[in-house]
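What follows is one chain in structure tokens, specifically the form predicted on its own.
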């Protein structure tokens, strides 16, 4: 059993608590024990402290990492922004003596010290490294055979890759989420906009139309090129955009289709047999039909193998 400190961030507990429940249900069953990091704050993300006070940003972020260090565990998070921020904080402190000194001085005011003993993992990295596709496949109750998935990894889990100790081998051709979806026995084909940003984050906050324009291009690519049964994301912000933004485009009449969206661990939990009311309950684009298909009797893995 691998024990890890769960850093939830802000979006997941406040807007998407069913994703949090999918972590808490699925990961322990797969051998990853989760402990809470009591007292954790916002990471804090780009657009906040990093925009005007780098030493204080680093100190706040480093404090979150010290919560894991105190428990002698690595950090695992399901938020791409949190992953990117914590990874970059770790990199800067460990490679820039001036910033390291400033951070340690600020942490000393609250009787803390950054030691650098905890690694920072995205939940997809943790599942891939500590569980692996083969074991995931062994643990699923329902198979996704003959269903097509369009994956959306999310930018902040990929770039800037030079500051990430735990990362994709090639951020321009990410494979981890693809392999994890294939472990559920789904088809996961390539589409031309697969590496493109979904338009969430700072763009959504400052220019909604450009943000939705990027999303529209991506959705049309998915629909026309692979006609996916669902979209599976590895980022909570991407989930909000691909789900909620898709509804806006649909309501405006800019697209004439709907594609259900899942965070990966939601889909994993469903395939493992967990109650959708607990792990996949909050959405704008309807998911009831595809969830019923996923958890139907004919998709029971043992029945298909038998």
Partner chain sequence: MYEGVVVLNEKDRELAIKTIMERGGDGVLRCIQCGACQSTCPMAFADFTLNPRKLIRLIQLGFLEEMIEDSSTWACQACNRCVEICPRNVKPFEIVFAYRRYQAMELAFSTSAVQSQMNLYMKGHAVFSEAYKETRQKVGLPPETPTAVSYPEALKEIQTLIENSPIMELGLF
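Since the model is a prediction, treat every value here as computed from it, not as a measurement. Positions refer to the first chain, counted from 1.
The discussion below concerns the form predicted together with its partner chain, not included here.
Of 197, 147, 140, 226, which residue is found within 4.5 angstroms of its partner chain in the model of the complex when only non-hydrogen atoms are counted? Here the answer is residue option 197.
Pick the stretch from 115-123, 182-190, 169-177, 132-140 whose residues have a heavy atom within 4.5 Å of its partner chain in the model of the complex. Correct option: 169-177.
Given that its partner chain is not shown alongside this chain, does residue 277 nevertheless sit within 4.5 Å of it in the model of the complex, heavy atom to heavy atom? Result yes; residue 277 sits at the interface with its partner chain in the model of the complex.
So, in the model of the complex, is residue 90 in contact with its partner chain at a 4.5 angstroms heavy atom limit? Outside the cut-off, so no.
Decide whether residue 253 counts as a contact residue for its partner chain in the model of the complex under a heavy atom distance cut-off of 4.5 Å. Judged by the heavy-atom cut-off of 4.5 Å, residue 253 is well away from its partner chain in the model of the complex.
Please check if residue 20 has a heavy atom lying within 4.5 Å of any heavy atom of its partner chain in the model of the complex. Yes, residue 20 is a contact residue.
Sequence order please: the residues of 1-40 with a heavy atom within 4.5 Å of its partner chain in the model of the complex. Those in contact are 8, 9, 10, 11, 13, 14, 15, 17, 18, 20, 21, 24, 36, 37, 38, 39, 40.
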